[in-house]
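Next up: just one chain, as structure tokens, the form predicted on its own.
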Amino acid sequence: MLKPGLRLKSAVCEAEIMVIKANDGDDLTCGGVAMAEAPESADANPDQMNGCVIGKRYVNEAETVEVLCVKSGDGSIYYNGDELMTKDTKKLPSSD
């Protein structure tokens, strides 16, 4: 079960994420393999190896799930079969 603050690791690369916002369900994968707190090594799906970048937030299209990449890796992060996209940064108001 996904919950905010949960740290998960990829079984196919060095990627690590922290869950920021969670929805019902726990189908979070990296490189086509389920992410876990202590995963065993596994073979990746080459079609899902586009990479994730440290410090970036990733969300699904409906923005019901949000994760923060805390360690970069070669695998892409998916939720329920849909690839998560990088979240756009918000412009801060000018302090002039």
Partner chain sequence: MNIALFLQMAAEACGDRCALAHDGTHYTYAELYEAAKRAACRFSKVQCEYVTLIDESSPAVPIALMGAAMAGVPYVPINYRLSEEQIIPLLERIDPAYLILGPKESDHSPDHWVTQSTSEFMNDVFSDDEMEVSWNEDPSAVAVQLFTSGTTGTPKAAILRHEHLVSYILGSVEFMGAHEEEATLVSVPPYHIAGISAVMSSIYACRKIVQLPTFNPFEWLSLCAQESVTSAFVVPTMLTRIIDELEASDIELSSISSLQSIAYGGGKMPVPVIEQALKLFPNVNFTNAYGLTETSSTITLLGPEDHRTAADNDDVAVHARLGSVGKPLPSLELEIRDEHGEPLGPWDAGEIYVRGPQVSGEYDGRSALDDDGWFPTRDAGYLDDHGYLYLSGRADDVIVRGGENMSPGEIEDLLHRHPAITDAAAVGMPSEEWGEVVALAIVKTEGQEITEQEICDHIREHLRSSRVPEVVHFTPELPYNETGKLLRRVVSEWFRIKDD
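Numbering follows the first chain given and starts at 1. Since this is a predicted model, take the numbers as computed values, not measurements.
Below, we turn to the form predicted in complex with its partner chain, even though it does not appear here.
Chemist: Residue-level question: is Val19 within 4.5 Å of its partner chain in the predicted complex, judged on heavy atoms?
Modeler: Heavy-atom contact with its partner chain at 4.5 Å: present for Val19.
Chemist: Within a 4.5 Å heavy atom cut-off, is Met1 in contact with its partner chain in the predicted complex?
Modeler: Outside the cut-off, so no.
Chemist: Check whether Cys69 has any heavy atom within 4.5 Å of a heavy atom of its partner chain in the predicted complex, and answer yes or no.
Modeler: Judged by the heavy-atom cut-off of 4.5 Å, Cys69 is in contact with its partner chain in the predicted complex.
Chemist: I'd like to know if Ile54 sits close to its partner chain in the predicted complex, meaning any non-hydrogen atom pair within 4.5 angstroms.
Modeler: Yes, Ile54 lies within 4.5 Å of its partner chain in the predicted complex.
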